[in-house]
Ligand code: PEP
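Have a look below at one chain only, the form predicted on its own, in structure tokens format.
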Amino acid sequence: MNKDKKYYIIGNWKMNPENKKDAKKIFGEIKKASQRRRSKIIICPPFVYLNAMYTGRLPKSLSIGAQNCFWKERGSFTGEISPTQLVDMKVEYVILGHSERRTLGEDDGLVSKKIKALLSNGLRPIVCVGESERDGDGRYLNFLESQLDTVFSDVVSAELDRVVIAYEPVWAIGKNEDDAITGHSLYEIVILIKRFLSRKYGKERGFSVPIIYGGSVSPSNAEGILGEGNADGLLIGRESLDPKSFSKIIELADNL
């Protein structure tokens, strides 16, 4: 393990918490825990709380992200948020293609358009990919390659250093920690993704893209996922709303 490796620890708050007061309290505790950390910590709250996150200067290790974005910069698109609006709100990262968005009708082609829109506006996409079920004869591997091929169809080599890939198998999301992927199985997926990127962009570019894992992450399994799984970070849902639990995961990553 590279002792100088910087991990991405990303909190996806989804449609939580219920009010701004709680959001500011949770974020305040995470902000304290983010002081002088080696890991890159990114909190992605609901859109309505983005402004509330800027309560003074943020630690260098802490950034704000959004949970989604539209692919057009302006126009008559009721209910959507544009990349230029996110830039104005000092957002740096945006989660795209999360499985919960895909169940609402988002497909790989739309995710591809969103990636391009973010990159064109200086934002950094956190691109989610992952299979809904794992079959015994390896068809899920072909599914993953097809998914990657579509969502990265318009990304050029020079843009790749601003991308983070989040592997989140749908069958592991929202479950308990025992349902998370094993480190060994994750390592196989990391290799698959790096090989795909290397074929498309060259080995140096392909191997430089951070590949993180999301799905039932907790303090008890985070170390194995990062270590044995050779992941570059974690996309954390439920546990990111518990500052103590989330802080433990940050500390684990920093001490690896």
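These figures come from a predicted structure and were not determined experimentally. The first residue of the shown sequence is 1; numbering continues from there.
Just so you know, the form predicted together with phosphoenolpyruvate exists too; it's not on screen, but the next bit is about it.
Peer 1: Considering only heavy atoms, tell me if I173 and phosphoenolpyruvate come within 4.5 Å of each other in the predicted bound form.
Peer 2: Because a heavy atom of I173 falls inside 4.5 Å of phosphoenolpyruvate in the predicted bound form, the answer is yes.
Peer 1: Does any part of Q67 reach within 4.5 Å of phosphoenolpyruvate in the predicted bound form? Heavy atoms only, please.
Peer 2: So Q67 does not count as contacting phosphoenolpyruvate.
Peer 1: Does A23 reach phosphoenolpyruvate in the predicted bound form if we count a contact as any heavy atom within 4.5 Å?
Peer 2: Residue-level check for A23: no, no contact with phosphoenolpyruvate.
Peer 1: Considering non-hydrogen atoms and a 4.5 Å limit, does phosphoenolpyruvate approach I9 in the predicted bound form?
Peer 2: No, I9 is distant from the partner.
Peer 1: Okay, which stretch from 215-223, 30-38, 57-65, 193-201 lines phosphoenolpyruvate in the predicted bound form, with non-hydrogen atoms inside 4.5 Å?
Peer 2: Comparing against phosphoenolpyruvate in the predicted bound form, the contact stretch is 215-223.
Peer 1: Of the residues E100, E145, E106, E92, which one places a heavy atom within 4.5 Å of phosphoenolpyruvate in the predicted bound form?
Peer 2: By the 4.5 Å criterion, the partner-contacting residue is E100.
Peer 1: If you apply a 4.5 angstroms heavy atom cut-off, which residues in 103-118 are near phosphoenolpyruvate in the predicted bound form?
Peer 2: Sequence-ordered list is empty.
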